[in-house]
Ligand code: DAH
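Okay, here we've got a single chain as structure tokens, the form predicted alone, with questions on binding and movement later.
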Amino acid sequence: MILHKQEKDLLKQLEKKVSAKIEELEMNRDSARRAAFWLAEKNLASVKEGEKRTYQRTVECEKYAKEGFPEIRIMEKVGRPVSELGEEEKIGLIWAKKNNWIDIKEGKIEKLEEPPAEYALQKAALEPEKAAPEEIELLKKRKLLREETEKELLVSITQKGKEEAAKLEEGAEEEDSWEIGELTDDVIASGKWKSSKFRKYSIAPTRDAAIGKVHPMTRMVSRIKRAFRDMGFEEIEGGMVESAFWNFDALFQPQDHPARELADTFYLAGEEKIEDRKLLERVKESHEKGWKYEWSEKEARRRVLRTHTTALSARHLHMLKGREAKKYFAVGRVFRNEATDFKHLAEFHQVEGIVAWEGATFRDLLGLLKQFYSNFGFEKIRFRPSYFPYTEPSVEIEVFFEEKGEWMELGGAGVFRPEMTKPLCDVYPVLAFGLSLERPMMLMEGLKDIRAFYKNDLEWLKGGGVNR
């Protein structure tokens, strides 16, 4: 068998190692890669592609690693009023409270228990390669770690390759009788072309062009819309650029809430006008009375890429005439400043819905959501109590992801708080839910990574996807 010199070099190394990663070979990385695939075509070696994950600490994480995590340092403020805390201290307050180390009583920090002597999250930040998966996920969620993936190739010698390598050792072929891949002036001038063979080029057979198909995402959106219309809902739409007023303030989300920071929200230059001054005053009064702070109109006029389609629900609640009963839904793109991984994206779709009816109950909301997901074949559904600034009571909706053996959150739901709905439309209760589109679609398509929808994998797209 005629082999290129690079193929021979690689084959000799594999004969000793049996298998090796490309970077472990004593060859130029690109040359080794090419030779590995050439040998694979001749069944002399096998090539397996994999991914190597690494984690990089952010600047904020480096600071925490040196100075200590804010939830640890906030313990020094026990007994102090919350109103005196700075921005980083407020972050520590939130996480210390989640860890059940502190509570807030009469506006002051009260210790519940002492933090552990060695904080697991800080250790995970220092040595992410040794950390538990849940610790890595939490650090990524807090924008303290960035996950990077790097492709790696593992090349292994086959039985046929071992036999060919043995021939090389016996000198069955002359060292200079490798195939020529390119006819250069040096090859012609040296006369080397006379005693060498030229590598054969494989011309792939042509195939008919694939017929165009509707993208699986579009199919999924159509199914969702049909499901809601069958349940008597009316579709609503709106722009992707919103004011902070409609995206946050109208939803009774305080202006110092962590979700409104640059780390979670994409802000744009300029300001949005707030035409309805009476509404603005009602929202201002609701915030200052409910959250006990001085509300800023300037902050409310900031422009953002909408972080959810709930802004559409707020706008349409304000448009209600009297106390008429209405059921609205929306499907649209939303944007959040999140690190991407197998179940998170910075740009994704949200399925939004509300039921504005004074006779509605929390039980109606749970039944509605079960009915919706049953239309897509999801039977293992559960609701977990949760917290959102603008709903009370609140739940997270989860379905069981068999492939990874874990429950996956698909969205949140609850009853809009009266502090939100009264300024907008004076209707209570209003049932509300915000659901993911990509995550349930992952389960339906048997995909392991949410990013697959945007990689333009032609083979997957040709399959048609969702409701083929």
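Predicted, not measured: the structure shown is a model, and the values here were computed from it. Start at 1 with the first residue shown and count on from there.
The protein also exists as the form predicted together with this ligand; that form is not presented, and the subsequent description refers to it.
- Annotation: in the predicted complex, residues Ile72, Trp101 and Tyr119 none come within 4.5 Å of this ligand through any heavy atom.
- Just one of Arg336, His257, Lys162, Lys97 comes within 4.5 Å of this ligand in the predicted complex, counting any heavy atom, and that one is Arg336.
- Distance criterion of 4.5 Å from any heavy atom to this ligand in the predicted complex singles out Gly412 from the list Gly412, Pro429, Pro440, Pro423.
- Heavy atoms within 4.5 Å of this ligand in the predicted complex belong, among the stretches 224-232, 137-145, 284-292, 345-353, to residues of 345-353.
- Contact check for Phe388: a non-hydrogen atom falls within 4.5 Å of this ligand in the predicted complex.
- Using a 4.5 Å cutoff between non-hydrogen atoms, Phe416 counts as a contact of this ligand in the predicted complex.
- For His308, a non-hydrogen atom is located within 4.5 Å of this ligand in the predicted complex, even though that partner is not displayed.
- Looking at 425-455, the residues that come within 4.5 Å of this ligand in the predicted complex, counting any heavy atom, are Ala432, Phe433, Gly434.
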